[in-house]
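First, one chain by itself in structure tokens, the form predicted alone.
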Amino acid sequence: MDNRAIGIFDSGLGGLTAAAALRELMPREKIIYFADSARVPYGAMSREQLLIMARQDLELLASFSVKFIIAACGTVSSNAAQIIESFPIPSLGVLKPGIQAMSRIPGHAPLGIIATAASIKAGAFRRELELLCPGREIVDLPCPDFVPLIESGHTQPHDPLLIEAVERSLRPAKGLGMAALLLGCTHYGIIAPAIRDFLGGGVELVSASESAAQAACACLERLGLQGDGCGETLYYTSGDAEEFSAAASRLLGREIRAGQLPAMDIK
């Protein structure tokens, strides 16, 4: 048994969906969650900035002596896969697990991907899915408005601002007869009910967060790194700790207290 923590990072609240999925699969593991809220949203950053930030986030979690790291950020996963995969501590992103889940969707109907503008621009989600599903129609859409709305508390499916943003962003995909839609940004799982309401029940929503948690669980078992601790989760943020704690508590349905870490500069 290895009772060192599993590290998870994201630009803000979105990675909490991956942490929750991992907690359900591995209830006795210790988790350290880092929200780089001082620099949210990552989707507005350049690829050069994202490469620097990915390494900084990985190294920050490594300073806690974690045994495994999940880059619970679709933007980082699609722009800095090589940095994640070559890091000295075993690490994975959410891109490949999400795409592998999408590739198992049966039939010939189109497959959709939604992610941040930086992720869609990088093209990694589309390329990976095209490799696994040659000849199948793929629709990929940037949804840059979602993360700022989620981070500012607009998460309920009846919220007028959220409804308008979902309709505006996903209108090109409605009516295409998609079999499934990949939520390629971990934030998007938080507003899955609003997305489902707009697209209808005929489109399966595939969570990159849940897929990554399942892949991490399998990898930890394969490497013999499973823990048998008390299931503690520690939260840290580079932004305002009180604001993050309040927002995370609302999403998780229980009170959490996040520690404050210094904001990092892009150098």
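Predicted, not measured: the structure shown is a model, and the values here were computed from it. Position 1 is the first residue in the sequence shown; the rest follow in order.
Quick note: we don't show the form predicted in complex with D-glutamic acid, though the next part is all about it.
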inquiry  = So if I measure heavy atom distances to D-glutamic acid in the predicted bound form, which of the stretches 134-142, 182-190, 159-167, 102-110 falls within 4.5 Å?
reply    = 182-190
ask   = Thinking of Ile8, Phe34 and Asp57 as the candidate spot, does D-glutamic acid come within 4.5 Å of a heavy atom on all of them in the predicted bound form?
value = no
request  = Could you confirm whether Ala216 comes within 4.5 Å of D-glutamic acid in the predicted bound form, counting heavy atoms only?
outcome  = no
query = Taking 4.5 angstroms as the cut-off for heavy atoms, does Val40 touch D-glutamic acid in the predicted bound form?
reply = yes
key: is_contact(Ile120, D-glutamic acid) in the predicted bound form, heavy atom dist at most 4.5 Å   = no
is_contact(Ile84, D-glutamic acid) in the predicted bound form, heavy atom dist at most 4.5 Å = no
key: D-glutamic acid in the predicted bound form - contacting residues of 142-166, heavy atom within 4.5 Å   = Val147
